[in-house]
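A single chain comes next, written as structure tokens; it is the form predicted alone.
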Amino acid sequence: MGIEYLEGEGLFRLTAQDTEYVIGIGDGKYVGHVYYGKKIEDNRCGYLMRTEEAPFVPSKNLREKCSFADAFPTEYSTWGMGDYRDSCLNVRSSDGCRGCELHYKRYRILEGKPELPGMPATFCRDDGGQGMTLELECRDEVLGLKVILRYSVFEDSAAVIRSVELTNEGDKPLYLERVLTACMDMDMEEGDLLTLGGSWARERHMVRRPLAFGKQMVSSFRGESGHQDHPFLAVMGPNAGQDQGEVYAMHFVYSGNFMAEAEMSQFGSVRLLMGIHPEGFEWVLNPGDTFVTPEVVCVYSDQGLGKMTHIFHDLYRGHLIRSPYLHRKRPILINNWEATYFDFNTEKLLEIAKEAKKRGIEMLVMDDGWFGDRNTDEGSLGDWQVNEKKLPGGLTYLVEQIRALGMEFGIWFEPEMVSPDSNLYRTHPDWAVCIPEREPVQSRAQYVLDLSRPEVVDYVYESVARILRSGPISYVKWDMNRQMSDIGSACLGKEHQGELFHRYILGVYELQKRLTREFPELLLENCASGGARFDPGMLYYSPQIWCSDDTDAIERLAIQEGTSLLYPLCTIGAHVSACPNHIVGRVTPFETRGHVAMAGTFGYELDITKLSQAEKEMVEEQVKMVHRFQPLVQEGDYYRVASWQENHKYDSWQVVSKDKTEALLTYVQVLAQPNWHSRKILLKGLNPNAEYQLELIVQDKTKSGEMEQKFTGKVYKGSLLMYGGILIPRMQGDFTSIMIYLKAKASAPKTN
């Protein structure tokens, strides 16, 4: 790791493990992108900006400045001064003109990494993992605008972290109409664009398509990062795959509106952009005011998506998740939502808890329906008082009874919303986000609370904290079940209405910061109508996020594959649910449901009292499996072995410990085929010189026997398993699965 200024060349070089990011100053004042990729260790690379190819630099040929601006590989593009590609920054002056040109002034190299005020951000750990930060100060003297471009690297990561700070040093207001975080121009005339898309109950499916001339964008202006698109994009070389080829990726550490774009220009270059979506955004920057953008994480891989994934996983585990549960064992929980929905009482919850405790489950989570007059989703959001008709004796009695069983207790909230049919809304209708004189748009019979208002943030926080102070509650599921619309605030003046989206997200961050500070031992799980706000910003506050409301094991294969492209398995909320599945109606084996949920934070979403005796016994086996393998799943390296979305037959993934002494392989036969032999699977990430002993992990005792004999006790060298492969016998039936554990028998020479 290192940052240095190469004075003789006028270059800044950021070294992050085996990669380099090089920035140059074109024509003495324009901050340009020079290089990002494998280490080159040659200081003479400034020519890659192409400023000497034609006499277009303004200092030599002012009449062609527009041609220079429209081709220069800038590090931070601005609107209105000759660069016709999409821009990061669009500023309107107090006289109504739009245009901004930034000139480089000076630099600073700092030890460590500054925090971002009011926002989640990567950080240097107290126990190591130190970092460095480069600050490039630029100015638009006409506007009186100072812009600091920040780049940070960590000694144990190959990622480059970017953010921007803007300060109005003039004497008149400025209006930021567009302020993105990152721009990166590169040569790539052919290749692919990779994004994550979907909808409710089918989030984060991997979408790969050819790069094409013009603009290709994913975005959200729903007030959340969203089910439909994800704040991530990557451009891949034409031959890039899981384990080979070049990948350039960006990921946004933010939970609200975003845009991520790849634009192929007339000259065959590609510009990547990422930041807050400009739709509905305008920020008034008064004299002396500062605006700071959320972070963008940039990752380069020369070994395909697999290496990119490992860089993201290690960065987020090492420098983003703050929770004490990061490396701590997570409790195996059972949630009553799909078991009872709103139809429950103390007696029913205790009945579920008692049976769950018998089977080794460690926590009961009480979901929606415990407060106000909440018997349907038609009302009471905002009235956070316990409904003692459902829970006689209140929450205190219920928690005492659960803890007396030897279990922990968790509870569901949806703090950001208010029902029209609620005491809160009847008292404070102006606290809802709405446009004056318009009927507010309902979704799920609820409105969004205006978290840009400090008094609303205070009310919401005290509503949640008062409940948590009432007894030993170990876990909170924080939900958000609708997107934002009719954007207006009764508190913000007419010039500041364009700030509502961003101020709302800052309010969410403030709530969760206060919550985790007052209750530092609380296990917080974020959720947004399933996986609508599964993003790095939320991960800063909660070590796990509910992945999707779709708990069907087969649907989860694609959802969890896309999610684990960027996020460690220990962050992915995954539960075993009842069949037929409540979303798609599919029936899958109980064992398969357990195997798929193991690729996440394991739990149950069902009425355990209604399971058969055989299924209850399998719960006990699954609980043992989780206790045995959770440390490996939580800390190990994840590998995609095969994708059901690509081959339409089977799915497979693998987790390997950092020291390569153990591994866990999961194989799901999605569709059985007639007249088919065994299937060869090439394992990944093992030590080729080590010998591994295999063990079939059996949950369903009826499947032991012949299948177990094919694996358990067999010993093979890592090189054979990776290059020759392992043979998975054809199994009877769709949706069947097996899990194989590998343990290195003895020490072997390490390999790179």
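Keep in mind the model is a prediction, meaning the values are calculated, not measured. Residues carry their position along the shown sequence, with the first being 1.
Another form exists, predicted together with a small molecule; not displayed. Remarks below refer to it.
**Message:** Taking the small molecule as it sits in the predicted complex, is residue 477 in contact with it (heavy atom to heavy atom, 4.5 Å or less)?
**Reply:** Looking in the predicted complex, residue contacts with the small molecule include residue 477, since a heavy atom lies within 4.5 Å.
**Prompt:** So in the predicted complex, does residue 527 come within 4.5 Å of the small molecule, heavy atom to heavy atom?
**Reply:** So residue 527 counts as contacting the small molecule.
**Message:** Against the small molecule in the predicted complex, would residue 101 count as a contact residue? Criterion: heavy atoms within 4.5 Å.
**Reply:** Answer no; every heavy atom of residue 101 is more than 4.5 Å from the small molecule in the predicted complex.
**Prompt:** Could you tell me if residue 549 has a non-hydrogen atom within 4.5 Å of the small molecule in the predicted complex?
**Reply:** Yes, residue 549 sits close enough to the small molecule in the predicted complex that at least one of its heavy atoms falls within 4.5 Å.
**Asked** Looking at 565-573, 186-194, 527-535, 107-115, which lies within 4.5 angstroms of the small molecule in the predicted complex, counting heavy atoms?
**Response** Only one stretch qualifies here: 527-535.
**Asked** Which one, 79, 300, 639, 412, lies within 4.5 Å of the small molecule in the predicted complex by heavy atoms?
**Response** After the contact test, the surviving option is 412.
**Request:** Note which of 661, 481, 387, 654 lies within 4.5 Å of the small molecule in the predicted complex, where distance is taken over heavy atoms; exactly one does.
**Result:** If I apply the 4.5 Å criterion carefully, the residue I get is 481.
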